[in-house]
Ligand SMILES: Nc1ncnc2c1ncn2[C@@H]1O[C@H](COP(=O)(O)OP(=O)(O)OP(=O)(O)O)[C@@H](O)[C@H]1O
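As structure tokens, one chain now follows by itself in the form predicted alone.
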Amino acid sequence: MGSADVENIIDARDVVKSFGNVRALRGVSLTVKRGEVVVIVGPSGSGKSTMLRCLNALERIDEGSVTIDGIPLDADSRHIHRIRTEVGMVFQSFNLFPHLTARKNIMLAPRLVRKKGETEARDEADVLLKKVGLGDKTDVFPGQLSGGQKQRVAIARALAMQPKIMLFDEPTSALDPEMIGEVLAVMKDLAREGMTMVVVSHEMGFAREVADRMLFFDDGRLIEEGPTAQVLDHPRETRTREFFRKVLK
């Protein structure tokens, strides 16, 4: 399974996810085309991050279906393993191993999961660090890096698995304002290179510049979707307009 002929590399249908009595997702359906950049926005607790985590089986859905590059995300552990090797994820917190250098943080998954040799993994890690503007930080430990630098190492680490899709869960929300731009610049480069990206973010300037489509979530539902400029400038739904009146003022 898995096919380059599948136009929608992500296909989620009627996804339901609950945590105890709280229903985080209420029948969400969405698709993402190969090479598309989609930004998800919405208030806190609207289900944005939960949806992202369901797309690579960090959360198991209660109802519905998720298919990634033609692979059904079901109870088959082999499918889950394949999907996790194809989908990179970057979180709000950097989740770097503090006892490993930047280079070794990036080398770890290719060595363990893809069984790459040390020399190959090291060379690829060095290339990726240069790609994210940190070619001089190969032997530096996370504790010696700024927040923006840590997040760029985290992006390089996700890219080391050569994913077909990158998921970003509010990657700049934990950063000081002056560090946000350096992380967004790396993400813009990835978008220009044709990486399929789903980004939960409130960086509207980034969304307007890079995203092909915008999705607005509220109360566990996908309320509105469309071309980014249309959703931002001429939202159809009352709830979307209310949200943007608050965040864009």
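None of the values given here were measured: they were computed from a predicted structure. Numbers follow the displayed sequence, beginning with 1.
Missing here is the form predicted together with the ligand; even so, the following discussion is about that form.
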Test of understanding: in the predicted bound form, would A12 fall inside 4.5 Å of the ligand by heavy atoms?
no
Heavy atom of E170 within 4.5 Å of the ligand in the predicted bound form
yes
At 4.5 Å between heavy atoms, is T50 in contact with the ligand in the predicted bound form?
yes
Do V231 and the ligand come within 4.5 Å of each other in the predicted bound form, heavy atoms counted?
no
Please name which of the stretches 177-185, 22-30, 63-71, 190-198 has residues with heavy atoms lying within 4.5 Å of the ligand in the predicted bound form.
22-30
